[in-house]
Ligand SMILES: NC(=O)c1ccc[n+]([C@@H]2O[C@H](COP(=O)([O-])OP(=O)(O)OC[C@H]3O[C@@H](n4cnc5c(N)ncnc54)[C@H](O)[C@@H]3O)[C@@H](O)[C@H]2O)c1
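In the block that follows, a single chain appears as structure tokens, in the form predicted alone.
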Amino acid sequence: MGLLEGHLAVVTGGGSGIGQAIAEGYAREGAAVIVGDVNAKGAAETARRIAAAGGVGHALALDVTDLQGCQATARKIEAEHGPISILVNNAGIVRRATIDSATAIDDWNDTVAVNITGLFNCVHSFQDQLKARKGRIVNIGSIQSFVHTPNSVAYTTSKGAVKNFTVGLAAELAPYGVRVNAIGPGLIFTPLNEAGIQKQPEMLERFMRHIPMGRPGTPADIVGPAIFLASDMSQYVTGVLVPSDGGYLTI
């Protein structure tokens, strides 16, 4: 019997990278998984992979910046599948540019809309379902919830907000039996950072100097912590952000 048998999970940004890996990992542990992504084709591919492995997966288009859309999605899911018990807020974007760049204003507005407001929109939309099932929320932060990396003021700000949102929400929802935690990935090779880090030798070297384990991470490295925080194994854990970074924060 899997660690997540009987659970219904929503994973935002589940069409690729870390979100896809978490969705597949949850399905392997017995959860039914609803994969949401602004990229509907990506969400459908993740659901297909889950089904091919013998799991239960459903795909839907989800723009976390659209509050009314999130609310409608929450109502649709409850009507068709029942209330959810796990919400993974993984959808996010990264913009790497200095604050004096020509794109700074758009970078700031877009990053806040997805990484902060999108987080709020999803929690607000699913809160009643999570309270009804004494559910679990797993937010995806970053090592940049703790430290800054070059040319990413907007991203650092947004991931610092994820950490603080997690702490505040954990205290607020604990009386309802809802646990709220977060994961702080380090350098994880995904499509999100392919252009900005993986194909920039100087930037990649800067990151690697901070990783005593000597390798970049993969989406699979985030799945274990995500399962732990969603399962009864962490039944007395709430309000924490668990780094999964190969030791980046130690140096």
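For every residue, the number given is its place in the sequence shown, counted from 1. Keep in mind the model is a prediction, meaning the values are calculated, not measured.
The next section is about a form of this same protein that is not shown, the form predicted together with the named molecule.
In the predicted complex, at least one heavy atom of G92 sits within 4.5 Å of the named molecule. Using a 4.5 angstroms limit between non-hydrogen atoms, N39 touches the named molecule in the predicted complex. Among heavy atoms of L62, some come within 4.5 Å of the named molecule in the predicted complex. Contact check for I50: every heavy atom lies farther than 4.5 Å from the named molecule in the predicted complex. Figure note: of the listed segments 76-84, 98-106, 170-178, 151-159, the one touching the named molecule in the predicted complex, with heavy atoms no more than 4.5 Å away, is 151-159. In this stretch, 113-132, the one residue having a heavy atom within 4.5 Å of the named molecule in the predicted complex is V114; the partner itself is omitted from this view.
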